[in-house]
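As a starting point, one isolated chain is supplied in structure tokens, in the form predicted alone.
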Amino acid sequence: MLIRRETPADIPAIRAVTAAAFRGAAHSAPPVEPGGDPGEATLVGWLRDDPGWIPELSLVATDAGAVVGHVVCTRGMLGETPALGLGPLSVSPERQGAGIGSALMHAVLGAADALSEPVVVLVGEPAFYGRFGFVPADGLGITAPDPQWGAYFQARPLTAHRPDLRGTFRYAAPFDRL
């Protein structure tokens, strides 16, 4: 398996992997296309067209040249400070549980840290994301855009994090379209 930046040739495969990974998931965003693809598949395309897109933080996992996973971080704001929102993270259903998602997480967090980003936030399962250093965001003074997210709204401080980075997090604009 190889993890690398996405290329334009990967876009259809990323959409297919994301759609397959979230199809039927209880936590999936509502379908937003006539084909019934989960909202996450459409979201990645919307994000790619948004000023918040950071090409260095859209990574694919490939095996024998085929895309089997994808993760992306996009520009958000923590109060008035730039920060990152992570997601979606997608792995082909037949490859889930093989460590691909973990490898993608380690790679994107390392890349974000190398870019001197201060913090990454996400909405996800605490038992899974806690393995990567994510903690409840409110414990760091970071407020979710939706208070109902509770413990599922998590943050991972990076090397450039400062304790005074507090406030309400705003995701890239395409997240508001879901």
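Given the structure is predicted, the values throughout are model-derived calculations rather than measurements. One rule holds for the numbers: they count along the sequence shown, beginning at 1.
The form predicted in complex with a small molecule is left out here; the points below concern that form.
A residue is said to contact a partner when one of its heavy atoms sits within 4.5 Å of a partner heavy atom; Phe128 meets this definition for the small molecule in the predicted bound form. Using a 4.5 angstroms limit between non-hydrogen atoms, Pro82 is distant from the small molecule in the predicted bound form.
Heavy atoms of Met77 never reach within 4.5 Å of the small molecule in the predicted bound form, leaving it off the interface. Residue contact with the small molecule in the predicted bound form: Phe22 places a heavy atom within 4.5 Å of it. Shown here without its partner, the chain carries Val91, Gly97 and Gly101, all of which come within 4.5 Å of the small molecule in the predicted bound form through at least one heavy atom. With the small molecule left out of view, the stretch that reaches within 4.5 Å of it through heavy atoms in the predicted bound form is, among 45-53, 112-120, 128-136, 59-67, 128-136.
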